[in-house]
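Starting off, we have a lone chain in the form predicted alone, written out as structure tokens.
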Amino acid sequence: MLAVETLPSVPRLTGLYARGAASSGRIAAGRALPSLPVIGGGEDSLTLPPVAYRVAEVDTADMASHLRDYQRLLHEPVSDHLPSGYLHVLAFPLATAVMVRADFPLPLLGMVHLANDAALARPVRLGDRLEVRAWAEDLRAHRRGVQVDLVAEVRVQGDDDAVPAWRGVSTYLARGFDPSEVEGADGADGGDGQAPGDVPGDAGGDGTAPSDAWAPPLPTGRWVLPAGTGRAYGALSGDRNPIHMSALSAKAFGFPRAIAHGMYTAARALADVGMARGDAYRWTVRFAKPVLLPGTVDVAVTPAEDAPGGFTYVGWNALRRQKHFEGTVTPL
């Protein structure tokens, strides 16, 4: 059972990343020198905090300008309905706050974003008052380390439905951890995910060679992303990770150039589906290779063969035949 801690407001990502850098250093030192006091270690070091953070009063009435800026950048249809990608932006700082707690066992820096699965059960509209919650669950083995889900939920005040209006699950990988440290570990494989140096919210790859077996479909669109794409999405989302801001800052983390935010690419694909997704839908994405900026991404959005009214999407580098991301949008 999770203990619920109510915060006065959704925290700002800038301060959270500073705390995350400090906690990541403590975790690294604790794993290297487990006998050090207060840093800890040992067989119980991979226990998730039994806490959910809650913000009870998130008023969206003054978000009209921010929503329009989001719609313009992501090519979203203009509407007073908050798309699933926008709700992720609203809830992401609260999930990050969970990951920078002193008792969170995995380092924020270096976390690899593998996938997202979000369900918008009913419309959330501009002007609604929201309750946002976030917590961590399902720590489990991955062949490259351990993975964990960060869950965020959004409820509209006055809505008594047991199912939240929006629920998003973000799956992250912490490399270098022994999967046997997780109770019941069986070497499970959770996919390849993103590149070294990423923190939550980033798209990347696992350093594997591109597969010649994958044949890209016929594209339905092409995105030409300028060098400032990461700065623009960072200004909207608050996620100003250095790997997105400039080539110079990205090189410090092993990237040849700045990379696009993973959730920018996923939300841009959701926007390409447009109003055909309906008012209630499930949106999934799995990340592969990072999108270097400036860059060009070929995209295919096609009707799903196994889900009436649904869509599949995939984005790739046409020159290298490298997949960047793929996912689905399915009506609920």
Partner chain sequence: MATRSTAAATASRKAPKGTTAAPGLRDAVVVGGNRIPFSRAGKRYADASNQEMFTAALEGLVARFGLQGERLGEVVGGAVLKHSRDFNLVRECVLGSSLSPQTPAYDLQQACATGLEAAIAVANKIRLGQVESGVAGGTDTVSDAPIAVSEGLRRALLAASHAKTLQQRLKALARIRPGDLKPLTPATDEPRTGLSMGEHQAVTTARWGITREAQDEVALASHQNLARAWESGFFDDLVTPFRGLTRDDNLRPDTSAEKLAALKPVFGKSLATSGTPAEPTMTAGNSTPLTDGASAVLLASRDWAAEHDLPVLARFVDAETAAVDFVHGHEGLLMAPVHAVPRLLARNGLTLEDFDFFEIHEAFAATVLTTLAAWEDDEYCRTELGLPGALGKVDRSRVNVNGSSLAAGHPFAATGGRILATAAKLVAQRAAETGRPARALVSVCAAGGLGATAILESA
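Numbering follows the first chain given and starts at 1. All figures in this text were calculated on a predicted structure; none of them were measured in a lab.
The same protein also has a form predicted in complex with the partner chain, omitted here; what follows describes it.
Shown without its partner, this chain lists 234, 228, 216, 145 as candidates; in the predicted complex, only 216 has a non-hydrogen atom within 4.5 angstroms of the partner chain. Checked against the partner chain in the predicted complex, the candidates 48, 273, 56, 292 yield a single residue with a heavy atom inside 4.5 Å, and that residue is 273. In the predicted complex, none of the heavy atoms of residue 157 sits within 4.5 Å of a heavy atom of the partner chain.
Using a 4.5 angstroms threshold between heavy atoms, residue 238 stays clear of the partner chain in the predicted complex. In the predicted complex, at least one heavy atom of residue 311 sits within 4.5 Å of the partner chain. Under a 4.5 angstroms non-hydrogen atom cutoff, the partner chain in the predicted complex lacks residue 79 among its neighbouring residues. Segments offered: 300-308, 57-65, 259-267, 282-290. Contacting the partner chain in the predicted complex at heavy atom distances within 4.5 Å is 300-308. Along 307-332, residues 311, 318, 319, 321 each place a heavy atom within 4.5 Å of the partner chain in the predicted complex.
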